[in-house]
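The chain below stands alone and is given in structure tokens; this is the form predicted on its own.
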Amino acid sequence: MKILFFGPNGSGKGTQGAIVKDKYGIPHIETGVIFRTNIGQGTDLGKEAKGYIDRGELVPDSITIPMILDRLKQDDCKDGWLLDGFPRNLTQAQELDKALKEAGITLDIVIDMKLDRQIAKDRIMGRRLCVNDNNHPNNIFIDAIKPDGDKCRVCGGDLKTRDDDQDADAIDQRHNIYYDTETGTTAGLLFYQDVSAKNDGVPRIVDLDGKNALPEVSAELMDKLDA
């Protein structure tokens, strides 16, 4: 099962990706990890990528996509993989599709976690971290995990916020890219939907309602993947 996972920041995509990884025993591939691994191992592509990163420039697709393909061809990916964080725009979607086809790799499923932009932003800004355990879920905008006043709903510990969660401008900037239907991430998603429509439903498009509670989203995802 080879999967691309789309979803905006704040949608819970990372949590759902971890559930898919554990259930199906496939690696969860993230581009940031691929970069760090190649740079740390001193591969040729890693050296090239480091040069761009050190100059504060974006790593071009001509380097990123070969890194991703190399990762997808490794032994732990032989039974499938879940890729998220890439593609981030229409051009990357088109180039990734081309590269996968040239490598003889068939993409099976594209997951589209749908979530209203304002709800996604509220969820990011509503996150609260327990000083005792960051894994205790607390969010002032989600009824199911709303904290007890200013205390953790799980253990009663004090809560804090992450600075980047409260940076509305930075959140808006990331969401501007994601929700852009002309050249951004959503445009890439629309590209794959078009590919599916022209190719007898391959890859299969799986829509998820991201506004539901985490267990409901997980149940919906498992039902649709097993269908």
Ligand code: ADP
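Remember, predicted model here, so these are calculated numbers, not experimental data. Numbers follow the displayed sequence, beginning with 1. For clarity, a rigid core is taken as the largest C-alpha set superposing within 1.5 Å between two forms.
Not pictured, yet referred to below: the form predicted together with adenosine-5'-diphosphate.
**Q** If you check 169, 164, 200, 182 against adenosine-5'-diphosphate in the predicted bound form, which one has a heavy atom within 4.5 Å?
**A** The residue in contact is 164.
**Q** Which residue, 45, 159, 59, 187, is the contact with adenosine-5'-diphosphate in the predicted bound form, using a 4.5 Å heavy atom cutoff?
**A** Partner contact (heavy atom, 4.5 Å) among the options: 59.
**Q** State yes or no: in the predicted bound form, is some non-hydrogen atom of residue 81 no more than 4.5 angstroms from a non-hydrogen atom of adenosine-5'-diphosphate?
**A** Outside the cut-off, so no.
**Q** Check residue 196 for me: does it contact adenosine-5'-diphosphate in the predicted bound form (non-hydrogen atoms, 4.5 angstroms)?
**A** No, residue 196 sits far enough from adenosine-5'-diphosphate in the predicted bound form that none of its heavy atoms falls within 4.5 Å.
**Q** Just checking whether residue 38 would be counted as a contact of adenosine-5'-diphosphate in the predicted bound form - the rule being heavy atoms within 4.5 angstroms.
**A** Flag for residue 38 set to no.
**Q** If you check in the predicted bound form, is residue 147 within 4.5 Å of adenosine-5'-diphosphate, heavy atoms only?
**A** No, no contact at 4.5 Å.
**Q** In the predicted bound form, does each residue in the set 121, 139 and 215 place a non-hydrogen atom within 4.5 angstroms of adenosine-5'-diphosphate?
**A** Heavy-atom distance to adenosine-5'-diphosphate in the predicted bound form: none of the three under 4.5 Å.
**Q** Want to guess which of 70-78, 148-156, 105-113, 83-91 is within 4.5 Å of adenosine-5'-diphosphate in the predicted bound form, heavy atoms only?
**A** After filtering at 4.5 Å, what remains is 83-91.
**Q** Quick check on residue 28: with the core superposed, does its CA move 2 angstroms or more between this form and the one not shown?
**A** No, residue 28 moves less than 2 Å.
**Q** After superposing the rigid core, is the C-alpha displacement of residue 100 2 Å or more between this form and the one not shown?
**A** No, shifts by less than 2 Å.
**Q** Could you check whether the CA atom of residue 127 moves 2 Å or more between this form and the one not shown, using the rigid core for the fit?
**A** Yes: residue 127 shifts by at least 2 Å between this form and the one not shown.
**Q** If the C-alpha spacing of residue 15 and residue 129 moves by 3 Å or more in the predicted bound form, is that a move closer or farther apart?
**A** Closer in the predicted bound form, by 3 Å or more.
**Q** Would one find the Cα atoms of residue 104 and residue 36 closer or farther in the predicted bound form than in this form, where their distance changes by 3 Å or more?
**A** It is farther: in the predicted bound form, the C-alpha atoms of residue 104 and residue 36 lie at least 3 Å more apart than they do here.
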